[in-house]
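Take a look at this single chain, the form predicted alone, given in structure tokens.
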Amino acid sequence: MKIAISGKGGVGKTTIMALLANEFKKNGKDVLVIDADPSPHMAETLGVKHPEEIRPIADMTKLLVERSGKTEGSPMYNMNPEVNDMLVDFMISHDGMKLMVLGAIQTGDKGCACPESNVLRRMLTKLLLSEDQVVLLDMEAGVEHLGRGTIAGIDHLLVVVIPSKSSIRTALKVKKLAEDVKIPKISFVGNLIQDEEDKSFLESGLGVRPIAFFKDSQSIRKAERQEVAVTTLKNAADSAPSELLQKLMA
């Protein structure tokens, strides 16, 4: 199963994806997490001690250009770069899970992340998974990755939404673009929920009830500030990660 997560910036998608990855691991799955956010934080969220030592794919500029088939002076890219060896070369293991980081645009004149996006798209479409394997993809905030078709190879898109009108507007736009690129399954996940009124607000604004609700957790907020892995917290999200996993498996 290949699952991606998206949503407006600041809604907590990285935290939810880390908790979901840990839940899959506890259920015996072979988990690969891919951090495809240009401002990556998944390594810290999972508790990787030296995230700066991870070799992001975006740092391999020459290799990416070669793989994506771009020639100097040409705006066109080959949409099917070879990526088999990248699955090993850019992967680390941590706490029973695997992690890859696509990488960040480091300078203002770097421009479009087209080579990185093409490699990622090819990687997703080439991955053949067994029943015990799951790939979790933490996407950048907003909708740009959907415009590039980066996640066209996934099975299920989770759209994280918090109880605010701006978050609902972004979530509905993400859903529309995801439908345009033919993602088979799209679901909303509520976050920063304080009470039943928040749940009802989301359901009314989205037109459908989210498949899981994550509470507004002070312990998760403190863990991020103290650089503590959210996966080590006990009951910080109550049963929400388990309930989300069950809905996905169903």
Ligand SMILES: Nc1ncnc2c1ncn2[C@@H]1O[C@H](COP(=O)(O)OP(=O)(O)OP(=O)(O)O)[C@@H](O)[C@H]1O
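This is a predicted model, so every value here is computed, not measured. The first residue of the shown sequence is 1; numbering continues from there.
The following text describes the form predicted together with this ligand, which does not appear among the structures shown.
Stretch 213-221 is the contacting one of 213-221, 24-32, 178-186, 200-208, since its residues have non-hydrogen atoms within 4.5 Å of this ligand in the predicted bound form. Among A141, I168, M97, L124, the residue placing a heavy atom within 4.5 Å of this ligand in the predicted bound form is A141.
When contacts are judged by a 4.5 Å heavy atom cut-off, K2 does not count as touching this ligand in the predicted bound form. Not displayed here, this ligand is kept clear of P241 by more than 4.5 Å at the level of heavy atoms in the predicted bound form.
Although the partner is absent from this view, R55 stays clear of this ligand in the predicted bound form, with no non-hydrogen atom inside 4.5 angstroms.
In the predicted bound form, this ligand sits within 4.5 Å of a heavy atom belonging to V11. Looking at 165-187, no residue comes within 4.5 Å of this ligand in the predicted bound form, counting any heavy atom.
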